[in-house]
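Below you will find one chain, with nothing else, as structure tokens; this is the form predicted on its own, and questions on how it binds or moves follow later.
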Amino acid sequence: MGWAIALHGGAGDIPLSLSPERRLPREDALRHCLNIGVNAIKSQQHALDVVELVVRELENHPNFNAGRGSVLTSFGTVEMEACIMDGNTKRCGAVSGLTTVVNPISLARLVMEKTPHIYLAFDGAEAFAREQGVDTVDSSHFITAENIERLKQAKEANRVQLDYTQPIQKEVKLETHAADGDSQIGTVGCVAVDNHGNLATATSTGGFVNKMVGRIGDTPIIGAGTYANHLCAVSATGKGEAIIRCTVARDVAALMEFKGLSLEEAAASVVEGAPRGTVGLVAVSPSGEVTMPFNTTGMFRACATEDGYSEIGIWSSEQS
């Protein structure tokens, strides 16, 4: 089949009534990033370079919960995390607790390529960023008016709030909301297989609004939110704690390896087996198959393949 690419901008309880002001910029960004990725693949770039390039672009977009658009912790700060993995070699790098790094995904790649380790976090990761000369800014760069308002809403409700949560209405009883928040989050990710069958995945996020300082989600955990081997590349999104418990990304590969399932069958089985409203993922195989299942109301997603198929969507075809 040839090359394939898929990306996501978060899965969750995305209402069908989502306003054009919130929907259209994300759809445009997905289209833009998809085009960047397709052009990179067509120019013979390695899959690892492609996923990093696409996720960097998503991190730079203020309407996604990663990089520039990262949501705020309970202290009003950002703590970003990211992970990248090469399928053929299983080399990988991950970072957490970043407060000044413009593109966490690129620092994750440097961890993979420039250190003997896989995962660096907080002060150590920030020090490594300075040593490597990556782009950094004052942490105030990430504090946007919209994210300050999101944090205010979450604190008023005394809950963890996720990216696509609609404004809290005063007449709504707060106790109807789960203590760990709605099943909505705007993690970004990209998976790709290039013309030579190389597989790669990259994922980046700012986490939950009003999360505890020091909380780490599924994104940087190999096998949970991010995983690639010779059979597939997977990037997950949704409720991090559920994704960690279900080892979502690794389970897709394991079902393909040990049960002989196709990419689509394996991904569907994992998503259907996770708690309802918690998981979405994008995945590709070395033959150019692509799948983007979710058990939430919707998932911002896009994909393209060498045979000409492309898709940009939010909800399932039955809903939209």
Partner chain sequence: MGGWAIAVHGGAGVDPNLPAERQEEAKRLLARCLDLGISALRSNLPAIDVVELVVRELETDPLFNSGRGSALTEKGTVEMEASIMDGPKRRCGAVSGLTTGVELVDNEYFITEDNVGMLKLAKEANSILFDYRIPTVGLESCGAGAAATESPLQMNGLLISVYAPETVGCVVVDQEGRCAAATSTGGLMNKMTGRIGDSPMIGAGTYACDLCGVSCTGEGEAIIRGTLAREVAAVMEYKGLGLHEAVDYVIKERLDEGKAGLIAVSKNGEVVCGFNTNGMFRGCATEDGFMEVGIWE
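Computed from a predicted model, the values in this text were never measured in an experiment. Numbering follows the first chain given and starts at 1.
Omitted from view is the form predicted together with the partner chain, to which the following refers.
- Heavy atoms within 4.5 Å of the partner chain in the predicted bound form map, among the stretches 68 to 76, 201 to 209, 139 to 147, 243 to 251, onto 243 to 251 alone.
- The partner chain is not shown here, but in the predicted bound form it comes within 4.5 Å of a heavy atom of residue 115.
- For residue 131, a non-hydrogen atom is located within 4.5 Å of the partner chain in the predicted bound form, even though that partner is not displayed.
- Looking at residue 225, you'd find every heavy atom of it more than 4.5 angstroms from the partner chain in the predicted bound form.
- Proximity of residue 255 to the partner chain in the predicted bound form: non-hydrogen atoms within 4.5 Å are present.
- Though the partner chain is absent from this view, in the predicted bound form it lies within 4.5 Å of a heavy atom of just one residue from 104, 238, 220, 189, which is 220.
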